[in-house]
Structures are given as structure tokens and as C-alpha cells.
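As C-alpha cells, the next two blocks hold two forms of the same chain, structure 1 and structure 2.
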Structure 1
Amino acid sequence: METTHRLEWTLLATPLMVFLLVCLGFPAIVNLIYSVSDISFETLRNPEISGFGNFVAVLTDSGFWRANWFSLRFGLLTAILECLIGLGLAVFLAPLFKDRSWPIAILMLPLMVAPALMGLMYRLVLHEFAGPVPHYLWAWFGNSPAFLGPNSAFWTLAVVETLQWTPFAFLLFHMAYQAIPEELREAASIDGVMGLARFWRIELPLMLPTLAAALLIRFIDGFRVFDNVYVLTGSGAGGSTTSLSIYIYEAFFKQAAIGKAVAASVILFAASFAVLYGLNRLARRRRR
């Protein structure tokens, strides 16, 4: 009885497992083999295992570390900004959303736009002749910075990313805020805990799990950023905006440095699974 059930469940999950095994398991193995091979476009079909030269090449490449540094800074900065602004908006504007939801729809709109198209839109917004931002800056202040130049590209991209994804953080905090039982707030106000004190001592602690989740999700997405950065600066501005995803993409497609690209992917793969594994263990221990 027990074993037939087991078989039934396995059969139901089999299509998904087979699909993932073929579409991800196989590529993962190919990645591993290529990363320790002397690989070029000519030897793709029969790679020759040659040791860890690719890893040495990546780890001694200053471009790789620069890309890591960009991704890390970008992910941290944008995640923190998005969560701070999103939390502030969700709490301060909460009374506006009590009996109407169209304002939320308006704030959510940027989330529906492809980041790649959003990046292209900002190319227009910031364009020195056709863009309204430089136009108004010239008209009002007689000056306009080079938004995508080497010195300011990082900050421009961070603002672009933040403006598009703050709505995501806002939405999570909005739902978490609505989920706080009204009785708690009433009890607090009877005890004389009002306004900011109520936020710090009652509402914020209750929203901490959401805050942690939002920070993590936004950090991960910021860290692996590709689309909007790629279309806005094409990693350009002197390589100052090469994220790790762009580094891997360019090593493979632009420089045909397959070994380097594959080794970098394997490092990223190992790092992300290590981080996620650690986080999962933490989360599980918390739940107990």
C-alpha cells in the first residue's frame, strides 16, 4: 500500500524533475566540465580536461573583481534604498489606501514594464538633446551632468533601479502593514503609544520578517542585474558598470573567452548556492 502510493507521487512529480534535469542538470554538468577544460569554439564537442587554468585566469582578472564589487555595491545600495522608501511610503500613505486601491495600481505600474524597456526609456529621459531631464536642468540651472559618464553612471543606474523596484518593496510592506490586527493599534493608543512610537515599538517589529524578505529579494535581484544596465550603458563608461552577469555575458559573446566565462559562472553558482543554503538553514532554525 505504502509503496504504491510512493510510486504514484513519484510519477506525478516526474515530468518536472525530468524537465529540470535535462534543462538545468545537463547544462550544470557541461559547465563543470568546460570550466576545467582548455576550451575554445573549435573544441566544444570534445573538450580536453586540463586543470584549473580557467579558474586561475578568472580569479587573477581584475575585471572579474571589479564586476563583483559593482554587483555587491549595486545590490546592497539599491536593496536598502528600495526598502527604506518602500517602507516609508507604505506606512505614511496607509490611510490613503484604506478604501481605495487605484493609487496602488498607479504605484505598481513600473513593475509591469520590462527592465530592458525601462532602461531604453531612461536613455530617452536622460538624452542630452531629446531628454526632458537635461532639457529642464539646462533651462532652470544652466547646467546638466553627464548622467551616464564614468563618474556618475553608477549612481544614475542605482537611481533607475531604485525607481523601478521601490514599488515592489512598497507592495510587500503595504500587505504586511494591512495584516497587522487593528486591535493591536487600538490597544497601543489606549496605552498612550501613538504616532512614531507606535511605529517603532509595535508596527516595525511586526513587519521585520517582511523587511528581511524584501531586503534579500531585492539584494539578489540587484546583484544579478543585467537588462537595464546593459541597455543603458552597455557595461560601458569605462567598464565602471559591468555587473557580474554582464561580465559573464561579455566574456562569452564578445571576447569568446569561453573558459573564463564558464569558470566565472561556476564560481557564481557555488557562491549563490552556499549563500542560499546558509540562509535556508537559518530560516529553518528560526521557524522551530
Structure 2
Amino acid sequence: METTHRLEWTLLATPLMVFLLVCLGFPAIVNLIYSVSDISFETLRNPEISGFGNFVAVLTDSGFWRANWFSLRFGLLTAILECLIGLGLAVFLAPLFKDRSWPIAILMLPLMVAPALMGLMYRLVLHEFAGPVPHYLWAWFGNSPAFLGPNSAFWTLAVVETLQWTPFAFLLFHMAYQAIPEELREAASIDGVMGLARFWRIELPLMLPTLAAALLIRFIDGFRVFDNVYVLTGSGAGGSTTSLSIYIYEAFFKQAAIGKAVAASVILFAASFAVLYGLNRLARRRRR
């Protein structure tokens, strides 16, 4: 019987494994070769192996570490803000959503807009000379910050990212909140546990797995941000808004340093894999 199950599993898993090897394995091998090669657009088909010079160039480049620091701050800040706001909306507006589903559709609208288009929209709205927001701030208060300037660009980008992706976190928390059995809330009410006490002691612990998943997903997405940053500010003044994705893009397309760009992406992949593997091991230990 066990042999039959193994055979069935093998037959079912083989197409998926072949697909992954073709679609992911081949590009990964090519990237590994490029990362240790002296390569240009003219020699893409015939790379010349040159050792680990590209990795040394990346790891000794201060711009690489600045891009990492920007991406880390950006990913953490936006993930925390999105989850806090999304959780608050899911919990405090739950009575409104109980009998009406149309407000949820309205809250989901930012997700329907492509990030690049969202960035373009805010670039027009916040433009220092032509944007309506700076215009009315000047008219009403006699002053307006340079939203896309070097001192404010990071916070502007974080707000734009949060406004677009908070609905995603809200949707996860809304489903998790609705999935809590009503019997638990009724039992808590009988015991006199109401309001915030019920949320902290009963509802939030049940939503913690969803909260952890939402934080991880949004951090990963924020860390690798490209669209909004590229459209709104690019690399920014002095590289102040260079995310890791933009660093790799500029190394590849603007500097034609293909080996360096691929080496940076390999380092990013290895670091991400190590973090995810560690989190998976930690989660397994906690379940035991």
C-alpha cells in the first residue's frame, strides 16, 4: 500500500518538478554562470568565467549597502503600517461589513491600479510646481514641503506604498476575523469579557498566524519595491531612494555591468532563502 502511495505521489509530482526545473532551474543556472563571468551584452552567449570578482565588486560597493538599508527600512515600515491599519479597519468596521459587502469593494479599489500607474498619479498630484496638493498648501498656509525632495521622498514613498497595499492586509484580516467562531465571542460576553479585552485575549491570538503571514508577505513585497519608487523618484538625489531592485536595474541597464547586477541578485536570493529557511525552522519548532 505504501509503495502504491509513493508511486502515485511520484506520478503527480513529476509534471510540477519538470515545470519548476525548466522555468526556474535553467534561469538559475544561467544566472550563476553570469555572476562569475566577465560579460557584456555582446558576449551574452559566450560568457568568460572570471571568478568571484563580481561578488567582491558588489560587496565592496557602498551603494549596494545603502540600497539594502533603504529596502530594509522601507519594507519594515510599510509592512508594519499596512498591517496595523488593515487590522484596525477589519476589526472596528466589522459591524459595518456584517450586513453590507459593498464597502469592501470600495476599499479594494487601490489594488486594482498597477503600481506604476499609482506612482505616476501621485507624481502628478505631488509635483512641486504643477501638483494640486503643493498648490493648495501654498495658497492656504503659505508653505509646502517638497514631497519628492531628498528630505521627504522616503516618507512620501512609504505613504504611497501603504495607501495602495493596506487593502491587501485588510482583506486577510477581515477573513481571519470573520472566521473566528461566534460561540467564542458569546462565551466571552457571558464571562464579562467585552470590547478591547475580548480583542486582546481571544480574537488577536486567533489572528496571530494571519498577522505573521501578512507581515512577511508585505515585508517581502516592500523590500523588493521597484515600480512606485522608479516612477516617483528613481534613485533619488545622491541615491537617497535607491532600493535594491533599482540598484540591480541601474547596474544592468545603465552601467551595462551585467555580471555585477546578476551577482547582486544572487546575493539577494541567497539571503532571502536563508531568512525564509530560518523562519520555517523556527515555526516548526514552535509547533512541536
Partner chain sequence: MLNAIRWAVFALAAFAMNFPLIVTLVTSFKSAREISTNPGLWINAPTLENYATVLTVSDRLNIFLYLANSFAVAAMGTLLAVALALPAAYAIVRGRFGEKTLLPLIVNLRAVPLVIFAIPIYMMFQFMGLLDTRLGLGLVMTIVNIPLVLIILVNAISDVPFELDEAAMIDGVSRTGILFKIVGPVCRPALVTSMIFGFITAWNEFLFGLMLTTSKAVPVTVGASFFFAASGGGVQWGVAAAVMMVGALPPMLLGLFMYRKISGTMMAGAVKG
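Since this is a predicted model, take the numbers as computed values, not measurements. We call the rigid core the largest set of C-alpha positions that still match within 1.5 Å between the two forms. Residue 1 is the first residue of structure 1, and the numbers go on in sequence order from there.
- As summarised for this chain, the first structure is the form predicted in complex with the partner chain, and the second is not.
- For residue 129, a C-alpha deviation of 2 angstroms or more is recorded between structure 1 and structure 2 after rigid-core alignment.
- The chain behaves as two rigid parts between structure 1 and structure 2, and the smaller of them turns through 10 degrees against the larger.
- Superposed on the rigid core, the forms differ at residue 22: its CA is offset by 3.5 Å between structure 1 and structure 2.
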